[in-house]
Structure formats: structure tokens, C-alpha cells
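Shown below, as C-alpha cells, is a lone chain in the form predicted alone; questions about how it binds or moves come after it.
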Amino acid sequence: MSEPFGASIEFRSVSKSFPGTAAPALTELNLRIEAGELMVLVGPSGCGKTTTLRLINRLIEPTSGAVLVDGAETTTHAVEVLRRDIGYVIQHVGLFPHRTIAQNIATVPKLLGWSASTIAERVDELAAEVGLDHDLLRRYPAELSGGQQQRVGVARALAARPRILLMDEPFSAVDPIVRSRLQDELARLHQRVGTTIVLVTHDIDEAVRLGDRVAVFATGRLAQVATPDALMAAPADAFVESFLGADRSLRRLALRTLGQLVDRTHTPDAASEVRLDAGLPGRSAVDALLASGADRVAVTESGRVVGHLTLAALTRLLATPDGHT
């Protein structure tokens, strides 16, 4: 990953109540997000994750406590100054329908008074960064697919080089195949740019796939924050365990490749009837074993068998907190 370009974010005993509601939306939240981290906020509807996100750019204000960016309370800055350094991507994108894609991406730089040549250069740069064909820049939002529109939304949010990017259910409105592709592109973009990203989702698979860490919210409270592997290995309480689901062990396998899991100390079994490339996720070994009825899979690198995995070995891996034998 590039050197962190992003800013740190900290919640200090933050609570939020809305008029007319019996219970607070958020209670005594203490959470620190490091500069350059991709933090995913996950939980069921109404748990407080979107409230948490909106507190960062002051779309709403805390009832008590403080939100800090790079150590300074957000209330020490004028809202418009604070938001210049924060990009925001929402579920349905919110592109301006009567502006071209290039004009949509250029929205914030134009408001900031950038020169036409600098804006044009930045638009071209971002189109390449998010995987948009240059020919699309002359089109209008209605002429683009849902996945293309989401790419435009990300490009627009990054246009003024903000140090923080907030994403509220950004991929939930697109089909599963496009969603997976957009997730991969976001992960690669984060590696290249180093912006601090805070992403809200209700999808635990998306959370563990993307997050450097994952913050699981119950109703109005932070239930657990951990790396994806630590979260799957040791849920903090019954709520987290239930939210992660009965197949959390299989999700945990998906976090590592076969090359990371394979036992290389044993003599490779070149005769294994099932061969899988070392770059595939660990979960693919379980799928292959169950589908074939074989007792082991041979793991290959450049076509050469480097070791094997059995169901027993995979079961042992899942029984250890760090996922290693």
C-alpha cells in the first residue's frame, strides 16, 4: 500500500439522539480509524452505522461527545472547509442528470476554482483510475450502466483529492457480478491512493472482503471492532456470532489463498485427482473436495504441485485463532 494519504478519525464517547425517538441512535461510541485505513461499518438496519458515517462530515451533529479528524474536533472547522477534504459516495450515486460524466466528476474542483486545464487533466486521470472508458466522459448518466455510474460517483468523490472517503452502501444497488468487480476495484484503488475510507454496508461478506478492520454495530452500540480474520475466529458476544452466521468458518477460509494454507512440509501428492491453483481462495478447496468426493486436493504453483490440503487439515486451521496449524 502507498504511504497513507488519509486522515485519522476518532469518536470520543459520541452519542446521538433524534427528536421523537425513545432510544438513542448511538450510545457512547469510542472508535479510532487510522490514517489510510479502510474501515467497514456493518450491522443490521437501524443499528447506528449510517449515523456514525454522517457524523464525520457533519451532516448531523453529535448529541454529546466529540468527533476528531487528525486530532482536531470537527466543530473547530467551518462545515464547508471540513467537507472539502471529505469525499462522499451514496447508494444511488446522485449524479446530475443534465451534466456530462466529465462535468459530474469536475463538480467540486470547479467549485474550488481550479483552472480548466487542471480540471480536464484530473478528470482524465480519475477516469483511468476507476476504470471508465474515456469515451464515456462525453455521455450523460442515463446512458451508463449502474456499475459505470457507481464508478463515476467514486471518481467525483475523489476529484479534489480528499483525505477521507465516506461510502454509504455504495454497491448495494448493482447486481452481484458487477458488485464483486466494483469491490475488487475499490480494494485496488485504496492500495494505490491511501485515502482513509469508511464504508457502510449490511453485507458481512462485503465487510470482511474489503475491510482492514470491521466494526460490527448492534442497536445503537459498537459490539466489536477487529480484523476480518480475528472477527471470524472470535466473535465478542452472542449478537456478533449470530450476525456473522453459521458459515463464518467458511467465510474465514475465503480470506486466505490456498498458497497461504497449504502444508508444504509434507511430500506433495502429485497423483491427487483434484488440482487447484495456489492463488485461489481457501474456500475453493472445500468446494472441490465436496464436489469430487476426493480426500485431498493438490495445490499448484505454475503447474507444479507444492503441497496438498485435506478436509481434516482445513478443519484444524479453522480451530486455531490465527488460522495456522
Partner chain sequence: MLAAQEPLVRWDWLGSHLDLLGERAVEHLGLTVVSFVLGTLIAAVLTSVIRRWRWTTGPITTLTTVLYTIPSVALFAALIPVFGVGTTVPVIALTTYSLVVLTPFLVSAFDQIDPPVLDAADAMGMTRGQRLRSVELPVALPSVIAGLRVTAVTIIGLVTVGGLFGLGGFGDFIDEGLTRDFPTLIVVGVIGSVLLALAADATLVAIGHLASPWRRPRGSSLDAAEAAT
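Residue numbers count along the first chain shown, from 1. What you are looking at is a predicted structure, and each value in this text was computed from that prediction instead of being measured.
Omitted here: the form predicted together with the partner chain. The next part is about that form.
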Any idea which of 241-249, 83-91, 208-216, 119-127 reaches within 4.5 Å of the partner chain in the predicted complex, heavy atoms considered? 83-91
Among the candidate residues Leu144, Ala226, Leu255, Ala236, which is the single one with a non-hydrogen atom no more than 4.5 Å from the partner chain in the predicted complex? Leu144
Which residue among Ile204, Leu222, Leu182, Leu95 has a heavy atom within 4.5 angstroms of the partner chain in the predicted complex? Leu95
Within 4.5 Å of the partner chain in the predicted complex: all of Arg264, Arg283 and Leu314, by heavy atom? no
Do Thr74 and the partner chain come within 4.5 Å of each other in the predicted complex, heavy atoms counted? no
4.5 angstroms heavy atom contact with the partner chain in the predicted complex for Leu111: yes
Should Ser172 be counted as a contact of the partner chain in the predicted complex, where contact means heavy atoms within 4.5 Å? no
is_contact(Thr300, the partner chain) in the predicted complex, heavy atom dist at most 4.5 Å: no
If you look in the predicted complex, which residues in 149-170 sit within 4.5 Å of the partner chain (heavy atoms)? Arg156
